[in-house]
Structure formats: structure tokens, C-alpha cells
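Here's a solo chain for you in C-alpha cells, the form predicted on its own.
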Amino acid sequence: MYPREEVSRRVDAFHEAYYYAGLWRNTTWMGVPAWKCPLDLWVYQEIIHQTRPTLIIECGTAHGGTALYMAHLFDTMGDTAKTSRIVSVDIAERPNMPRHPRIEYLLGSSTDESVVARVRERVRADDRVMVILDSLHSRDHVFAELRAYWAMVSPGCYLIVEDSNINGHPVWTDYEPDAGPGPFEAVADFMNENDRFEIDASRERFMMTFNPSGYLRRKA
């Protein structure tokens, strides 16, 4: 019905209105804050069901809502032995974090070599690994994460770079540590040096995503 440029303009306008209203900060899963766009959470459900990871590495726990959401997804997929699990890394330990037998929290910076080594120790030989990057959103930090974690991602699985919508793609953050070049620019630099991944644009088919160009699938 509309030219592509007009569709993009309208989507960006809604994206900006949604983001600046702070609605993503009021998104919860089972009562626990999950600071995500619900459209992206739905995409995560599709990816997890289709690719069947047994280990999800999450950099950036925040309040733990997303880790709990993914643990519940594993529960519904019939893994009664609870072999599928989430390792979530954050520099801050908050009170009243959700507890679930599938979730392990690690305290520390996601780019600290000792933390990366601890995460790597959790990877079993037969694991299918998915990685989600949602900690500090500066370009340099995300680029360091991409370099540290990409090799853990299994062929056919995803490395998801969150909040690549900031720095004008199409929104701007008011959080000073994340200002300036961020995840979007880190992905561009990473893709220029690493040919083992491809950007899966089909994961953006709901039109609005907080992770533009951020769904990276490792090639088989």
C-alpha cells in the first residue's frame, strides 16, 4: 500500500515514540523486569525453538527477566532433564534475582579475561551455544565482546547483538556511557573482519526491532 520509504518512516516514528516513552523499561516476564522489545522476545522464542541451543550465554543480566524467560522456554520444550541452561554475566548483583535451576549467574565484566574463561569452562563438548550481548553498549565494549565470544557460538546458532538501534538507528540514548558509536558500529566492524557469520534480516520481519543488523547467524 505504501512506498518502502514511507513504511520505513512510519516504523521509525513509532520506534522513536515507543523508545522515548520508556515502555521497554516497563516490560516484565512473570513479574520480573525484562528490558526488551516484546517483538524481539518473540523472535528469541522462534530462534530457540528452531535452533535448539543447549547453552545460552547472556552478557548483561540486569534484573534477570530475560534469563527467566529463556529458562521457561526451555521448560516448555520438554527438556525434563534440564540439560539446557543459561549462563548470565553482569557486573552488578541485584537483590531478589529470579532463581531457576537452569540459570547460573556470574559476577564480573563480560570482557574480563577471567570471566570469559569461566564462561568458556561452562561450554560442554556436545553443547549447541547461542550468545546474547546486552551489557555496556559502547562500540569498543561490544566489539571486544564479539571478539571474545564468537568462537563459542555453534554453527547454525545465533550471536545476537542487542540495542543496535541507538546512536541514531533510529534512536538516541540518554545514558552517557552508551552515547556515541555503539553496537551497530561494532557489528559493522566485526563483520568486516569475520566471515563466519551472516546478518539474518529475516529476524527483523516484524519491522520494529531494537537489534537492527544484530541477528548474526553462524554459518554451517
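Note that residue numbering follows the sequence shown and begins at 1. All of these numbers come straight from a predicted model, not from anything done at the bench.
One more form of this protein should be noted, the form predicted together with a small molecule, which is absent from this view; the next part is about it.
For S138, no non-hydrogen atom is located within 4.5 Å of the small molecule in the predicted bound form, even though that partner is not displayed.
Although the partner is absent here, S84 is not a contact residue: none of its heavy atoms lies within 4.5 angstroms of the small molecule in the predicted bound form. Not displayed here, the small molecule is kept clear of P181 by more than 4.5 Å at the level of heavy atoms in the predicted bound form. The small molecule in the predicted bound form comes within 4.5 Å of no heavy atom belonging to L55. With the small molecule left out of view, the stretch that reaches within 4.5 Å of it through heavy atoms in the predicted bound form is, among 61-69, 151-159, 165-173, 184-192, 61-69. No member of the trio I48, L73 and P98 reaches the small molecule in the predicted bound form with any non-hydrogen atom inside 4.5 Å. Interface residue among R118, R147, R124, R94 relative to the small molecule in the predicted bound form, by the heavy atom within 4.5 Å criterion: R94.
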